[in-house]
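Below sits a lone chain in structure tokens, taken as the form predicted on its own.
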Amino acid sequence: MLLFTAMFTVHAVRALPALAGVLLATATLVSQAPLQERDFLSRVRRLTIEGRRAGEGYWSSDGRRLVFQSEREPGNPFYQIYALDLASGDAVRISPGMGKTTCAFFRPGSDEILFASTHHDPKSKQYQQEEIDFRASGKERRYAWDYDPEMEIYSYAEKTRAYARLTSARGYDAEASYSPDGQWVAFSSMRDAYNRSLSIAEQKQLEVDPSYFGEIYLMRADGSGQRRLTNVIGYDGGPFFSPDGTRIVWRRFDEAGLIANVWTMKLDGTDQRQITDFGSMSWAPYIHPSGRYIIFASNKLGFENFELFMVDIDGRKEPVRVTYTEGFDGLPVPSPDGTQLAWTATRAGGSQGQIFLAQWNHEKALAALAAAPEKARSR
């Protein structure tokens, strides 16, 4: 027995280097195991059920409500704005119920809610009926946003139920959000296509794709002091403020409207930095409350297959994939405390989006970003 023990001990000692090598290799394989959706998202559940589709859910400052758009209003086939109480599940309509709406946002420290609408357009009911008749005919069209030039930005006071119109320039004004202190509004506008003479080529471009003229603007919360921040060919849109309120993150399309990347800049339009160079349509960026990374959507893996990705705040690393589900996953918005994520997806089946909610693993996100390779300088 002693001889066996001695022999075992000798062989075990001799095997230690090899064993250590095996353990190290195993640890390396584990550390390099492909990331999966469950690494970042848990308790994934569908949040909206009513209506044909819903999307763009944005949190109240206390994390207790979401404001979103949904096609569910009787007699109106277009989006209207609703506020959802996450505790009770009750949703109330915020917008007037007429026309088209989009892009709502809670004003911090206030009872006001921002959104864009065409309800002032006298042709609103006509357009609603035309769309109802079209859908009743059984015909189908590929979904496309029309950038209605009558779209203007409004605020709604929940206590008084009063609406205040904040923009009035001819052209699409929408995609607005408040700064963390509630004093500023960043938005996208296509007014440049309507407030000057266009060349023949520009006139044709306006007919084909109005978004080509989209630029980022900034104004005070009461609509005063409107000023333009970007001046680059191609669609600039979807601006949101950084958690500290010092920068704006948005997406910029190329001239052809096929490639988009995430950018950030200061509130005066200076220090514009390109964060992604992903060779795809990367849009809907939103900065995590920690200020350390940006979550966005991209069709990097296929034109119809949008997935969520994240990238470090300075864009030094390659983006990390977050979702792994076929179809559309986009418009991600983390909760104010950074522990949950709301986003729009078609993962419930069909082609119409709904809002989903999940727990967000911030620590895992930081680890994955730290391990991501440095961004390639050329493609």
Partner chain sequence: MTTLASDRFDGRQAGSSGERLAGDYIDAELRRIGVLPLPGRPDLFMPFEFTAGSRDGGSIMSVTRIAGSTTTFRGAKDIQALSFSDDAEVTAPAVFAGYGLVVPESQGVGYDSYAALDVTDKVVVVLRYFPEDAEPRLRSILARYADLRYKALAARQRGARALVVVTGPRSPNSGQVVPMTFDTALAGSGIAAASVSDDVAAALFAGAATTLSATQQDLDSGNPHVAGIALTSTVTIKTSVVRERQTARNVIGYLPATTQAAEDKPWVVVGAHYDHLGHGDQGTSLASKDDAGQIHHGADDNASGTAAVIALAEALAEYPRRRNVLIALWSAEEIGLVGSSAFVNTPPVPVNQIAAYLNFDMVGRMSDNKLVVQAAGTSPVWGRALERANVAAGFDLTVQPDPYLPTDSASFNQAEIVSLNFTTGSHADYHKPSDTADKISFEDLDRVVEFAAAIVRATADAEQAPPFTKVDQPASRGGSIAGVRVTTGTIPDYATEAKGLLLGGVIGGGPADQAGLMKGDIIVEIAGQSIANIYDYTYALELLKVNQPVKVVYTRMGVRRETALTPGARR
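Positions refer to the first chain, counted from 1. Since the model is a prediction, treat every value here as computed from it, not as a measurement.
Heads up, the form predicted in complex with its partner chain isn't pictured, but that's what we're talking about next.
Colleague: Find out whether any non-hydrogen atom of Asp314 is located within 4.5 angstroms of its partner chain in the predicted bound form, and reply yes or no.
Modeller: Asp314 lies outside the contact set for its partner chain.
Colleague: Against its partner chain in the predicted bound form, would Arg292 count as a contact residue? Criterion: heavy atoms within 4.5 Å.
Modeller: Answer no; every heavy atom of Arg292 is more than 4.5 Å from its partner chain in the predicted bound form.
Colleague: Give a yes/no on whether Arg38 approaches its partner chain to within 4.5 Å in the predicted bound form, heavy atoms considered.
Modeller: Because a heavy atom of Arg38 falls inside 4.5 Å of its partner chain in the predicted bound form, the answer is yes.
Colleague: So, in the predicted bound form, is Ser88 in contact with its partner chain at a 4.5 angstroms heavy atom limit?
Modeller: Heavy-atom contact with its partner chain at 4.5 Å: present for Ser88.
Colleague: Would you say all of Arg247, Val262 and His288 touch its partner chain in the predicted bound form, counting a heavy atom within 4.5 Å as a touch?
Modeller: Contact check failed for every one of Arg247, Val262 and His288.
Colleague: Determine which one of 164-172, 188-196, 218-226, 77-85 lies within 4.5 Å of its partner chain in the predicted bound form, judging by heavy atom distances; exactly one does.
Modeller: Of the stretches listed, the one contacting the partner is 77-85.
Colleague: Let me know which residues along 45-67 have a heavy atom within 4.5 Å of its partner chain in the predicted bound form, or say none if there are none.
Modeller: Stretch hits, in order: Arg45, Arg46, Leu47, Thr48, Ile49, Glu50.
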